[in-house]
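Shown here is one chain on its own, the form predicted alone, set out as structure tokens.
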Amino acid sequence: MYDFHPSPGASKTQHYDELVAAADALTAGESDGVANMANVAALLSGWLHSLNWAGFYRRQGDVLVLGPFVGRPACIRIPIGQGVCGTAAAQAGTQIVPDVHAFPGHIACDGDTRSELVVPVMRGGEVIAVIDLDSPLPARFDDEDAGGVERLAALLSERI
């Protein structure tokens, strides 16, 4: 049985250290990428506060296709370069969006989302997926959150 929980009173850096360690424990030795994404989406949803969506979009050619997630139903296909996820994939760079309504071309899958963090998962210099976190709170994510999720993405790059 897996029963992962963040340590009470941990700093944000320690919080992400523990999250990455838990994801490592869940995905080590498992070759099925979908299973690994599903477990990590569940881990993210339970580990991080104030989220209304946590999951993956997988790159298939010129589009991102919905992968495992926790949250309300979501957009299935996002063209590379469109919306926050598509921009992260096109630029191969993390996107921290304090107010999604101010992001040009934002794709609203859930009207309750106010802020978003999207981190590309890279393998061999190519974006293979993105990790997408949405929050109903404005400005929920900061550089420390981005750094923690980037470490998670690096871990997952050969496991999804």
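Numbers follow the displayed sequence, beginning with 1. Please read these numbers as outputs of a predicted model, since none were measured by experiment.
The same protein has a further form, the form predicted in complex with methionine sulfoxide (SME), not shown here; the description that follows concerns it.
Looking at M122, A38, V65, I107 here, can you tell me which has any non-hydrogen atom within 4.5 angstroms of methionine sulfoxide (SME) in the model of the complex?
Looking at the other structure, the residue within range turns out to be I107.
Contact between C85 and methionine sulfoxide (SME) in the model of the complex at 4.5 Å, heavy atoms?
Close contact exists here: in the model of the complex, C85 approaches methionine sulfoxide (SME) to within 4.5 Å, heavy atoms only.
Does any heavy atom of A74 come within 4.5 Å of a heavy atom of methionine sulfoxide (SME) in the model of the complex?
Yes, A74 lies within 4.5 Å of methionine sulfoxide (SME) in the model of the complex.
Can we say W53, Y57 and I78 each have a non-hydrogen atom within 4.5 Å of methionine sulfoxide (SME) in the model of the complex?
Checked in the model of the complex: all three residues contact methionine sulfoxide (SME).
Do any residues of 126-150 have a non-hydrogen atom within 4.5 angstroms of methionine sulfoxide (SME) in the model of the complex? If so, which ones, in sequence order?
Stretch hits, in order: D132, D134.
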